[in-house]
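One chain follows as structure tokens, the form predicted on its own.
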Amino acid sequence: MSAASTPSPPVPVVALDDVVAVIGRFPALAGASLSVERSEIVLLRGANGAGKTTLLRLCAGLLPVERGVGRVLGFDLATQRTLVRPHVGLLGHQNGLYLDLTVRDNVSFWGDTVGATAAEIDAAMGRMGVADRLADVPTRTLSAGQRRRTSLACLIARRSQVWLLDEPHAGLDADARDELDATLRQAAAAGATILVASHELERAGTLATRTVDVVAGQVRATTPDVANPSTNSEREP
């Protein structure tokens, strides 16, 4: 009888090795290396301009790899950027909504890209509190907080394998923040991988399974804890 084979180690969902990404002529990532496994919630911590947003955009397939090796869900970020995009959800500083469409139309648009059912779309809207009276309201008439809720509902409806969130709690009231946190924990438990860039270290730190320091375009340290928030008091514009 042949000996049982040793199972292969899991392939990281995000695997960056000495990655350089250039915006204009500026190396916004200058040799960043990072490995993230399935179901992790990783907090990206760093000062303004450190490269957190660039790292998220790179993982979303929106920036090319100039040097090094980068893979997300097995897709090569140098040659397969368009292939990774349907599998990731990016929430940046801008909400990415179509302002002339209603709340329901926006969520339905993104849900339809992955074949979400009407029930799933309704559930996503209800989860973020934009169902009922807000469902058929044009998005341009919403408050900033309501638009942020709508963007999060779109993200939920997309059922992405990788969630890339840039200051996701910005503009949300206390109830919406708590609901978002619960949603992220449930998504991770269901197998999603989540990267969160945030200056709200106390709140984001309670979510994260790991904290990564981004300094001058490089990943400098990984720790299970969030350090003193006073060292990261700056706010991104």
Partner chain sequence: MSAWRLARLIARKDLRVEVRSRVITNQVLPFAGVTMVIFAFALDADSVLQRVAPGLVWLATMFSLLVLVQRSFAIETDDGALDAMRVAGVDSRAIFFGKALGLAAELIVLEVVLLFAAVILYGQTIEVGSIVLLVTTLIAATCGLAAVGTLYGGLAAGFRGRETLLPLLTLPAVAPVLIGATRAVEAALGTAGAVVSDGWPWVGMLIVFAVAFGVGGSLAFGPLVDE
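Residue numbers count along the first chain shown, from 1. The structure presented is a predicted model; accordingly, all values stated were derived computationally and were not measured.
Not pictured, yet referred to below: the form predicted in complex with the partner chain.
Enquirer: Considering the partner chain in the predicted bound form, find the one stretch among 35-43, 54-62, 183-191, 205-213 with heavy atoms no farther than 4.5 Å from it.
Expert: Going by heavy atoms within 4.5 Å, the stretch is 54-62.
Enquirer: Taking the shortest heavy atom distance, is Arg158 within 4.5 Å of the partner chain in the predicted bound form?
Expert: Because a heavy atom of Arg158 falls inside 4.5 Å of the partner chain in the predicted bound form, the answer is yes.
Enquirer: Taking any heavy atom pair closer than or equal to 4.5 Å as contact, tell me whether Ala123 reaches the partner chain in the predicted bound form.
Expert: No, Ala123 stays farther than 4.5 Å from the partner chain in the predicted bound form.
Enquirer: Any of the heavy atoms of Gln80 lying within 4.5 Å of the partner chain in the predicted bound form?
Expert: Contact check for Gln80: no, nothing within 4.5 Å of the partner chain in the predicted bound form.
Enquirer: Taking the partner chain as it sits in the predicted bound form, is Asp100 in contact with it (heavy atom to heavy atom, 4.5 Å or less)?
Expert: Taking the distances in the predicted bound form, the answer for Asp100 is yes, it comes within 4.5 Å of the partner chain.
Enquirer: Need the contact residues for 93-132: heavy atom within 4.5 Å of the partner chain in the predicted bound form, sequence order, or none if there are none.
Expert: Going through 93-132 in order - heavy atoms within 4.5 Å of the partner chain in the predicted bound form - the hits are Gln94, Asn95, Gly96, Leu97, Tyr98, Leu99, Asp100, Leu101, Thr102, Asp105, Phe109, Trp110, Asp112, Thr113, Gly115.
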